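This document contains two forms of one protein chain, each encoded as structure tokens and listed individually as structure 1 and structure 2.
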Structure 1
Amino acid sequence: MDAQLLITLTKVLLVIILVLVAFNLSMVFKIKSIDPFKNWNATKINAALLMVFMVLGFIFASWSSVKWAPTFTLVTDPASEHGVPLDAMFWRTMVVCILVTIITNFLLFYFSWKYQERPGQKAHFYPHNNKLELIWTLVPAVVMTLLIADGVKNWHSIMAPDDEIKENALDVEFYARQFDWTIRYGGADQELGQTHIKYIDNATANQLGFNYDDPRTHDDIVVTEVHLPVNVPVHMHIKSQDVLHSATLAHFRVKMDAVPGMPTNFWFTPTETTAARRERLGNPDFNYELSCQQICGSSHWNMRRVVVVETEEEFQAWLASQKPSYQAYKEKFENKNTPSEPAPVEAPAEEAEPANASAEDGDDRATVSTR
């Protein structure tokens, strides 16, 4: 018998004894008709407790807010351009929230205590007062109007950014499925080639469903780590192949559902490189992270990708070092010059002829490097 078990048993025994004692006492009181709390004034106690609850509640809420504030990833220290005004608006709104919560809760608990039932106290018959009611209709209405104006402005600048941003944005595809993200870049031509689920073929590792008839796919780069250049607008093309997912970049205030059958978009501009942030925070292990925040199945909690924000040069160097997936496809699977529509089905059979593929492969590499 180990000590742990002994301790647990002792605890259980203690609880049982306590319960029995309490039960015994209550039976004795009942049989002898004794009320040990007869002189306790329930109203006074509860009223006092309401005040104590309020005071301790405010103290505890303030203390814990301050304590946890450094962990508020979503509303402090934004790493994107639109995150700055968004966070500012959040805190403006939060001030309203805090003020309202404190004032109204204070009045609620204070009145509950102050006007507790007392002998001889008569309630004040006060059924309505139009002026008062007008005040607390108009004040919230005005505050809401301001908040709405604020919200509309920010919402539009985030959802429908200026054409200038749209034109200069780097196209990146965030492709979701159960349970991971695949990231695609346009490659040398900076254009995302055509994909469709009907082209998906695991046998040829064509997991995004590239239509290789579309030459724009030939230089597309497929990776599992998000790389973004700093201070360059990013146009997220968000797709899903099975169920709903949500592309969430908490540090960048980005979130948009991935909807099967309906590509969605989000534009944002990262403003701090991973390296710079690591240095500033003094945390060499810091990483921006991509997560899924729309329930999507059993491993929903684990759809993580690291996001690396780097300087433009670093990014270009990294991009250049990546091999377009079409190359790998050709090296391994492609047969002569017939990729064609139902290709995936036949693909496994073509695995036997790598010689031709590698010949074409050379050509293609040349094309990429010249662009």
Structure 2
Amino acid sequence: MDAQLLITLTKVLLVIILVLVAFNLSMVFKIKSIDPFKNWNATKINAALLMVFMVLGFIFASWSSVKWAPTFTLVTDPASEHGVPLDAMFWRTMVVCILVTIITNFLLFYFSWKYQERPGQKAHFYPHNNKLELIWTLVPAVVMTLLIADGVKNWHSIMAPDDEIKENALDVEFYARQFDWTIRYGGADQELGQTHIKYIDNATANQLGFNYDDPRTHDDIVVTEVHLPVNVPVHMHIKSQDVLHSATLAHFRVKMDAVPGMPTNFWFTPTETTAARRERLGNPDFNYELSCQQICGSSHWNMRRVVVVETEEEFQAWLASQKPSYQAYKEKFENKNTPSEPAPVEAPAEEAEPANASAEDGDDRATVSTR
């Protein structure tokens, strides 16, 4: 017998035995008029269990946070300029949330124990208190306003950079579709050419919808691995061909939705190369990553791309080694001669066509042979 089947049958038999034992005990208690819970005070037991649950819950929550924190991307060093103030904002918000959670949950469990039902004790009717209402309305309102103001300040510093950053930024397009990312660079002129959904043609591999009448598209480079120069501002142009996606580079604290029909943007500056972080972490297999954080279908998990941050010299060398998409298009399609009508095959004498064969029949034969 298979070992797994034997284990499963053993478990089933143990459950049946336990059920039978419980049933027999209940019958014995019923016959002998025994109430095993007669002297139990359910209210006191529940109150005590709630206090035990609170203590164990706080201990487990603290232990798990300390244990697993190093594996969370959001608590490791950010690899972008805006990531530093963003992480500071995150931790300020976390301190407030943790304090509120501890205080409210402690009071919840403590009050359940302190005000448990007792003989002769009557609940006090306390319907309203203006001062208390004012305190628990104003304090959260002020705290939330400060947190939101902190977020708005950081948001505007990211999405509205100064003119110097805009002028020196590297334009990179992140094009999402089920279920992959396609990355486009401006090439030698560092300008992204015009694309539109009406130009998409899978037959000619023009899956991004290049308008090849726009000269700026002729040196655009299309790749599937993201390369970025360190300490150079990056202007992300984010698009979606089909459904809602989300361009996320967690190590750089970047997350922006890719919305079909509505291009979005994000600005950031990488501050640490892939090689430097590998050396610092002691992990030669480490890679930055682009992922989709918006569930977009059955293969959503597969929308991942490696992000390589390198020196300016390495990036320029990599960029120069890439072939422009338009060049590959011309080599494969535009320079390809249109197939000509095949030459007629001379038939054997005994199977020669009659002399009065119609021209239309000849055209039909030529059409079929061309296909």
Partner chain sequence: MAESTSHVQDGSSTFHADLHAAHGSGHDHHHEQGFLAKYVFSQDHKVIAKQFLFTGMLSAVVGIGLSMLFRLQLAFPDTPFPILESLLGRWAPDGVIDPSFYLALVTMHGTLMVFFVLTAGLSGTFSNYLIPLQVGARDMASGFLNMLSYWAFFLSTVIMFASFFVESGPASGGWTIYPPLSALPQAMSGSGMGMTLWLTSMVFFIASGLLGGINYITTVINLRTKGMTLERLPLNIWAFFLTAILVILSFPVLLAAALLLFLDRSLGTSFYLSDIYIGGEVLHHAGGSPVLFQHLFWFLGHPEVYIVLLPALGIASEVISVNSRKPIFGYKAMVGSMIAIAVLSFIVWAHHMFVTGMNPFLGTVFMLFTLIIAVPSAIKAFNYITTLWRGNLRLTPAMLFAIGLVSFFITGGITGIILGNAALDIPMHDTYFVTAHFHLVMGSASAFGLFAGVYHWFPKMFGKMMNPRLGYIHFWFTFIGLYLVFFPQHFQGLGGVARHYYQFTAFDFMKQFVDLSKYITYAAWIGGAAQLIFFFNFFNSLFWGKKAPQNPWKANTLEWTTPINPGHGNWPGEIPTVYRWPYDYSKPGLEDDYAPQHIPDEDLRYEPGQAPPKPTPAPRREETPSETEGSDNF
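Numbers given to residues start at 1 and step along the sequence of structure 1. We call the rigid core the largest set of C-alpha positions that still match within 1.5 Å between the two forms. Here the structure is a predicted model, which is why all the values come from computation and not from measurement.
Q: Quick check: structure 1 or structure 2 for the form predicted in complex with the partner chain?
A: Structure 1, which is the form predicted in complex with the partner chain, differs in this respect from structure 2.
Q: Would you say whether R118 is displaced between structure 1 and structure 2, judging by a C-alpha shift of 2 Å or more on the superposed rigid core?
A: The answer is yes; the displacement is at least 2 Å.
Q: Does superposing the core leave E133 with a CA shift of 2 Å or more between structure 1 and structure 2?
A: Yes, because once the rigid core is superposed, the C-alpha of E133 moves 2 Å or more between structure 1 and structure 2.
Q: For V84, decide whether the Cα shift between structure 1 and structure 2 is 2 Å or greater, given a superposition on the rigid core.
A: Result for V84: no, shift under 2 Å.
Q: Any chance you could measure the C-alpha shift of M144 between structure 1 and structure 2 with the core superposed, in Å?
A: Between its two positions, the C-alpha of M144 lies 2.6 Å apart after core fitting.
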